[in-house]
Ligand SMILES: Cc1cc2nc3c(=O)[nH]c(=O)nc-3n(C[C@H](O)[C@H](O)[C@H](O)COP(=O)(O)OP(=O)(O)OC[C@H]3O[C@@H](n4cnc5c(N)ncnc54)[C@H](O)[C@@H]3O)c2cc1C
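Just the one chain here, laid out as structure tokens, in the form predicted alone.
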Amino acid sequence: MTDRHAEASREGQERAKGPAGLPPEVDVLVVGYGPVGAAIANLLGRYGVRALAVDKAREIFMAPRAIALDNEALRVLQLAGLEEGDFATVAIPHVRMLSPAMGEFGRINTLGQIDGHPKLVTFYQPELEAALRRRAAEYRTVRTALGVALTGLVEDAGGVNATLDMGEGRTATVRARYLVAADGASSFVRQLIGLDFTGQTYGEDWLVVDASGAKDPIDHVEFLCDPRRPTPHMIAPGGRERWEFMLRPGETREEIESDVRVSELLAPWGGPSAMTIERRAVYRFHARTADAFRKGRVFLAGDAAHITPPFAGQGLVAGLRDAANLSWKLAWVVRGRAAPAILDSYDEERRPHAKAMIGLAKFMGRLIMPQSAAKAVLIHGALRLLRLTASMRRYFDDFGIKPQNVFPRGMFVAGRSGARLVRGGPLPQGLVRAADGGVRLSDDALGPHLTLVGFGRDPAEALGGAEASNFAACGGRVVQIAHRGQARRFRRDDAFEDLDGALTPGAAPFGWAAVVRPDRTVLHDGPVADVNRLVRESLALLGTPVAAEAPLAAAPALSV
């Protein structure tokens, strides 16, 4: 279907409202409109997909919940259309681990940036959700329905029929080609499709206290690793701070949430009289993953697919990674640019990494909450000794322990090319300058496309007519990244000068090329002279329909 015909179809869909004011058919139904669901809705909107997002809540939940985002999460939000300043953040310079017996025994350096974003920030979740919803409202192909609950679904060979409770005794049925469940840890969709949620529940409960207006706020994150009462403590935007206090055996929720106990716990920081308490709530942390992130035409994302203890600050981050990975694949399938088989790679790529992040959070939890003073001395002392060596200090202090978001197998051509680029890994991001002199981050320059990037050389000069036509039909764009100082022989508007060397020579040498997925994962790479082969093999892997005069080679092997 051409873009013009697709647009006409979408306009007709907008006119054909169902009995409850909802479109009777959409490409993707998103159940759950929290930050992950809203990010998915935005990404689908950028890719031109007809999407409907529903949520049983009528308003954003105004209490802060998630509080940390890393550079990867900020990059996903950038892909989803958010700009710097759309919601407030506080960049964290370092994370300290403090022991009552030996002082600082660990430190993670988070000052600086990776891929154009701070390594670690804290934020206020209601502001992020509001920003995502404002942006989603700008897409003509995206609809939202609040105060609407999914009550049932029936899948057939062509799609999913979802029954929705509109309130006041009204119901509606919406048919979608695919359904994404972003409806939280107690996901009703996950229960309907019969996927197990395996893992463990921590034996410890934690009291989370959010407050604003403290007189002497900290400017970082610290873990007070006292075996008597482990306490993470951090700054957040708007003059806020958060404390998390582990409950001791025998303490109850009602007791620990009382004014008297909260006052005692906050006494070292001035007590409630020196600040305004915004929230106090007891949580039991979990570490669980669904047995699969997909069943038929239904996909799980965010907490519906996995939940992690908060000790590594990766809960919402993992959900945003889901959003980036899944959304473009759904878009390319529903728009006829790729075969449905590529959707299998969502579970293949995301579930192992989500499990690895849960493992990291559990490890961090063991550092933070040792069960006795003797264990605390042993664990904290060992880490302090390890950090005496330069290599181990770099490993811990620069967070080398964090699992890299590089897929061992999935939707990319197997093998290594010899360049610094890693197939199945992210393309670095840096500042680039366009032919008109405008400076922007490279992801913004590439746009929401499958992209053939030429490093130094213009790949279009070597691209054959059939390959160029087929690549464009697959939503592809051809871009040149010139190294800084290279002669400005820019080709139209699709050439950019790398200002900080992040892409060339940082990612690839002069004369190299890469096919990059819309989620900025490297799909294939090789010399510019081989761009026709790179394009053919990439399109074969996507299963993209092409013109008869340009038959594709057999699909190359996926990474195994």
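Residue numbers here begin at 1 and follow the sequence given. Model, not experiment: these values are computed from the prediction.
Beyond the structure shown, there is the form predicted together with the ligand, which is absent from this document and is the topic of what follows.
Proximity to the ligand in the predicted bound form, defined as a heavy atom within 4.5 Å, singles out one entry of G34, G526, G48, P518, which is G34. Residue R242 is the only one of R280, R242, R143, H353 with a heavy atom lying within 4.5 Å of the ligand in the predicted bound form. Interface residue remark: A68 is counted as part of the site for the ligand in the predicted bound form, having a heavy atom within 4.5 Å.
The shortest heavy atom separation between Y124 and the ligand in the predicted bound form exceeds 4.5 Å. Put simply, G315 is close to the ligand in the predicted bound form: some heavy atom of it is within 4.5 Å. In the predicted bound form, none of the heavy atoms of I235 sits within 4.5 Å of a heavy atom of the ligand. Considering the ligand in the predicted bound form, the lone stretch of 518 to 526, 531 to 539, 498 to 506, 56 to 64 in range is 56 to 64 [heavy atom distance within 4.5 Å]. Here the marked residues L150, F188 and G302 all reach the ligand in the predicted bound form, each with a heavy atom within 4.5 angstroms.
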